[in-house]
Structures are given as structure tokens and as C-alpha cells.
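Next up: just one chain, as C-alpha cells, the form predicted alone.
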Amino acid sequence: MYTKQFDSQDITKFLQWIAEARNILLVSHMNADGDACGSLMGLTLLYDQASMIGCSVTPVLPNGCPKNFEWLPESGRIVKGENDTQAWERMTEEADLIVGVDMNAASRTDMLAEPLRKARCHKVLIDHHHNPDREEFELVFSDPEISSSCELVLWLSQAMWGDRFLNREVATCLYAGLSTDTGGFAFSCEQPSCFEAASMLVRYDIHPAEIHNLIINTFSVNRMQFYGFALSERLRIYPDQRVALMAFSLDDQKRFGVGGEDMEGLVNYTLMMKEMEVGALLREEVGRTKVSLRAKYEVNVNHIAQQLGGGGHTKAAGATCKMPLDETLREVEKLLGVENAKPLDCNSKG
């Protein structure tokens, strides 16, 4: 069982705010992943049951729900914030309670950040990333040592309500995020509580194998062809430094008709080679470049991400750089110690 104790006064206060609220907003970060979607919808379904009759509970994602998580229970309720930022401003003005999940600061919500900061209602943060911004939220439930925000939501809900509101739909959402944020229980799962959480959720007849298929085995032909292109044409390997990286321009993405959600998990391929210890993926967007970092063993990529203005976890981190792809690539190569190294000729044999 999860051994970290939640502050009883914080729990009491949070329960009171939920019970009194008539409008609850839930929000997570830009370019949502499985943990963001799972924790967002898990909380939505929990608060549906725990709030007063007639309370409106609205989940919001800045640029919407990724296609491979649209199967989550009631994901159709997710509001795509970028479609109408004025509506988002009205929602924050009318909210009694805003809960941020799987993000350590309002800035992670991109274009939704400023109205979120200005909102005068109660604000709560539930997150497992380093350095949560405690000035932006009245209550912060944070544990960077835990596997995922979905796991933290589970233990927090246990502290607040026990098993009262945990059902198959909630368990499905939370398991989806727990499994994806650990790479299928391959990393960020050193704590026994991670597997205890999975065991608890499986008891609700959620079918883990089916969840895996719904998340992972959903490639389009274009996406599969893009992965082949990525590994054959864009993979750079630096054997002496034990580093592998990939960088994709907007033209690369347009050529195959892929976007950010199609690259979810691609960075993990850099570490499938036995000799590699650090992997990076750079993806150009309009006016900026997204960087994803992964590591094995002793390397802490969170420290690298922080130097790029981002953050994350010891073995999985990232950043958004307001620089063109080529400039960002040079900075990443410098931080990884490969700026003067020659990559392996992947077309050679032997």
C-alpha cells in the first residue's frame, strides 16, 4: 500500500470544496499523453459521483484528446481549449474549483495558462512531476517518486473516499495512464505501490490486454511507414557517448501526414539498442521545437531538460524550446556531449 501520508487538513479542505462546488473544471497539459488523459477522466468520473447533484464537472485539454485515447470512458466530454479560448476564459471565471492534473505549473496548459492563473476560485494541483508551482495553487498533492499521476489519483481518492466511488470506468482510466507512464511497467515503477495500484485496478474487470491493444496497436499505414523512415533516415547513433537521437522537421511530418500524437513512444526506440544509455527525439512545430528525453541506468535526463526550460522525471523528461529545429538540435547535442562527435554510419555493414 502507498505509505506516504496526505495531510488530513488538506484532505478535509479538498472534500469541502468538492462538496460545495457547482462548477468544477479539470485541466491537464498540452499534447496530452496517457497519464494526462487517464487521470483527467478518472477524476472527472470520481467527481461526478462525489459532487453535489447538479454540479457541472468539465474536463479540458488544451489541444484535445489524442485519438488513441478517445476510447476512454466518456472522453467525448473533453473540451478542446484551443477551439475557443474566450469560452475557456468564461469557464474559469464561473468555476468554483479548478483541478490541474499531471502538470507541475499552469504554463503546461499553453494558451490556457493566463486565464487559469487569473481565476479566483479554489485551485488544486495533483501531480507527480518535480518542482510543482505551489504559488499558483492553494492545495498541492505532489509526489515525484510515484509512477504516474493516475497512481497518485488512486491513492488520493482512497484517502478521501476509500473504495466508495471506484468502479470499472474509473479503474479503466487510471490503469491506462499507469501502464503508459511506466512504458508497460518498464520504468518509473521501482516503488511497490505501483504494482499494488495495478493489482487493485485489475480487480474491477478492466481487461489489461484489451487496454494495451486499444492504446498501442492502433497504427495507421502512414504512421507505420513514418516509423520505418525515422529509424532508417533520421536515427543518429553515437556509440562512444552511448547516445541516440532523432530530429524531425515539419516537412518530415507533412510528408507522412503525422503529428505529435503519432510520435508518442517513438523516443523509446532509441534505448532498444543495448549499448545506448540516453535517447532524444526532437520534433519541429510552428515557432518552436519539442524535445523528449529518455535514459537508462544512472543518467538523469530531468537535469538536461531543465537546462532547456523543461523538466520531468529522472528517466523521462522533455522541454519546449522557442527555437528553430536546427538551433535546438545544436543545443541538445551540446548538452548530450555529442556536438563534436561523428555519428555512426548506419548504412554501413558490420
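This is a predicted model, so every value here is computed, not measured. One-based numbering along the sequence shown.
The same protein has a further form, the form predicted together with guanosine-5'-monophosphate (5GP), not shown here; the description that follows concerns it.
Which of these residues, 316, 50, 55, 299, gets a heavy atom within 4.5 Å of guanosine-5'-monophosphate (5GP) in the predicted bound form?
Of the candidates 316, 50, 55, 299, 316 is the one lying within 4.5 Å of guanosine-5'-monophosphate (5GP) in the predicted bound form.
4.5 Å heavy atom contact, residue 123 to guanosine-5'-monophosphate (5GP) in the predicted bound form:
The answer is no: residue 123 has no heavy atom within 4.5 Å of guanosine-5'-monophosphate (5GP).
Given that guanosine-5'-monophosphate (5GP) is not shown alongside this chain, does residue 64 nevertheless sit within 4.5 Å of it in the predicted bound form, heavy atom to heavy atom?
Flag for residue 64 set to no.
Is there a non-hydrogen atom of residue 292 within 4.5 angstroms of a non-hydrogen atom of guanosine-5'-monophosphate (5GP) in the predicted bound form?
Yes, contact at 4.5 Å.
With a cut-off of 4.5 Å between heavy atoms, is residue 129 one of the residues that contacts guanosine-5'-monophosphate (5GP) in the predicted bound form?
It does: once guanosine-5'-monophosphate (5GP) is placed as it appears in the predicted bound form, residue 129 has a heavy atom within 4.5 Å of it.
Residues within stretch 91-108 having a non-hydrogen atom within 4.5 Å of guanosine-5'-monophosphate (5GP) in the predicted bound form
Residue within 4.5 Å: 108 only.
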